[in-house]
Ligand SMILES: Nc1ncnc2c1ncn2[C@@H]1O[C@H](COP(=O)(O)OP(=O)(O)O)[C@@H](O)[C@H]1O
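So this first bit is one chain, no partners, the form predicted alone, shown in structure tokens.
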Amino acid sequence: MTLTDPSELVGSAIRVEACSRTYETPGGVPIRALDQVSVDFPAGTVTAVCGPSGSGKSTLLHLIGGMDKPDSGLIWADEHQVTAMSSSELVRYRRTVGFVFQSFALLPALTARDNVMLPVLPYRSGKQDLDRAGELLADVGLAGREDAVPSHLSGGQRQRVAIARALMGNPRLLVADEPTGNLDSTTGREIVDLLFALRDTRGLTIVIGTHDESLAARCDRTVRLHDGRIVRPPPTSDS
């Protein structure tokens, strides 16, 4: 299956309604990571979620990806209420979400191909999956590097492996948390170009948590967080 397969044009529309999430520090101090956040992520769009460290970016990404649950509020993926899902339903939902992390999160002893196959290993593994992993690596520009271990790849190449892994389950939503944070500016632009190409060819809904204002400027929409709340830009002056 290639990136231009029209059957892949199936991005999810995500809606977050008045979600709050509080954590406790090891000392028992409550930290309000999100406070009554409401935001929509339309299907097929690329949205940047911006804000300083501790603003709630990662928490919001974890909630819409089904990796965590809010203390209150609702999250919808199309017509499905994520916050009402059982544990087994959440497992199935997470299979429709691709995750990309700043740290790449690759297993160092595995080849690029085997890292890409990780999302399907608990459920199945065969020649079809091997072939698909190879196709995805070629799609992200790593043809011929299937047997390389992460230590033999550059930072940009490792992030490409991570993106290919995120695509292994045919996701409808791609969540990327600081995907360029460990990369130089040139390599970071290449990774952003790749993410936009995925949106254009697969119709994916992509949500990117980032500090990078140049990345945010390229996105269809920008959501800004501060102290767990969405902040609106000040109105422009006509003077």
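All residue numbers are counted from 1 along the displayed sequence. Small disclaimer: the values here were computed from a predicted structure and weren't measured.
Absent from the display: the form predicted in complex with this ligand. The rest refers to it.
Within 4.5 Å of any heavy atom of this ligand in the predicted complex lies no heavy atom of Gly203. Contact check for Ser55: a non-hydrogen atom falls within 4.5 Å of this ligand in the predicted complex. Although the partner is absent from this view, Thr59 contacts this ligand in the predicted complex, with a non-hydrogen atom inside 4.5 angstroms. Under a 4.5 angstroms non-hydrogen atom cutoff, this ligand in the predicted complex lacks Leu183 among its neighbouring residues.
Comment: 26-34 is the region of 26-34, 39-47, 189-197, 168-176 lying near this ligand in the predicted complex, near meaning a non-hydrogen atom within 4.5 Å.
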